[in-house]
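Form predicted on its own, single chain, as structure tokens, below.
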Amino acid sequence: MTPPLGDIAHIGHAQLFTPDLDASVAFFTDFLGLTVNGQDGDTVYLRTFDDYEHHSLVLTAREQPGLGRLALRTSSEEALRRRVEAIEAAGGTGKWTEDEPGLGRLYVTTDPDGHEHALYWESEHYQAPQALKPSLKNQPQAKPNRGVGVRRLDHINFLAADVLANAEWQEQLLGARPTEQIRLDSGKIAARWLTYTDKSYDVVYTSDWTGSEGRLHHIAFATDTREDILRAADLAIDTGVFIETGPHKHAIQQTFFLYVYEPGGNRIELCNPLTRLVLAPDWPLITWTEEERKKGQAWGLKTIESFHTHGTPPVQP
């Protein structure tokens, strides 16, 4: 039985690995406008200005870029217990840990493809120091005076060897709702978009053409406006940030976006999906055919075969 929508409250944060920690930190602070909120050895914790929690992003030094864990906050201690019981009743395994600042216990498990997920409930609300206190008391932190100034971590797109198996794991064990998908002529599901909330999507699984498991397509940060994304493109050109494609508007989910690469080799999307919600409790799953997908990924832009999807990071300009 599919669990009720609402046990997962929202995406908490994502962890990225980077072979150049200093350059990656500079990208996220200077270009995107995040704030460093602590460091533990080779791990740096950063936050977006409108995140009520301790951190939105964890950067950890590793030889190769990629994804560490995706952390999801549950709606209560009871919801956390229900999801753990559901995972283990389905034959999944996990472990409890308490290894991140500002958070209590995390239950760490993996989806069928091996992407690490951490579920948690206990979380400290961020208290801004005097220099970062906002004038608007309903905002956790003052808006940054540098870079793009992204508002929040918006979604994550996983590459997967088997899209359907992973999407159904999200649906059956975490309570995610599918909102849109791509079905090839063969019947294979090539991509599926899912949400835990009223947002149109929080998590995406995209077919990994290499057949590999556990890889990342991108993580995405939300901006206030489309104009912020246009400004980000100008900033990228001025500061040497590699632009893969955009600005454009996706056909699926209608997200206005820009794809760039941070210096460690991870693809980052800047997106503006803030006005599109899925409010219908009986929202039908929208299916795009292979022919419809071929018409364009965004405003006629043909679907791109990206650098990182093929496993080779782009050369920085």
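A residue's number is simply how far along the shown sequence it sits, counting from 1. What you see is a predicted model; the values in this text were computed from it and never measured.
Not pictured, yet referred to below: the form predicted in complex with a further copy of the same chain.
- Using a 4.5 Å cut-off to a further copy of the same chain in the model of the complex, not one of Asp22, Val36 and His117 places a heavy atom inside that distance.
- For the options Arg81, Arg215, Arg105, Arg226, the residue carrying a heavy atom within 4.5 angstroms of a further copy of the same chain in the model of the complex is Arg226.
- Taking the partner from elsewhere, Gly41 is found to have every heavy atom lying beyond 4.5 Å of a further copy of the same chain in the model of the complex.
- Residue contact check for Gly246: one or more of its heavy atoms lie within 4.5 Å of a further copy of the same chain in the model of the complex.
- a further copy of the same chain is not shown here, but in the model of the complex it comes within 4.5 Å of a heavy atom of Gln253.
- Using a 4.5 angstroms limit between non-hydrogen atoms, Thr48 is distant from a further copy of the same chain in the model of the complex.
- With the partner left out here, a further copy of the same chain still marks one of 166-174, 137-145, 106-114, 89-97 in the model of the complex; by a 4.5 Å heavy atom cut-off that stretch is 137-145.
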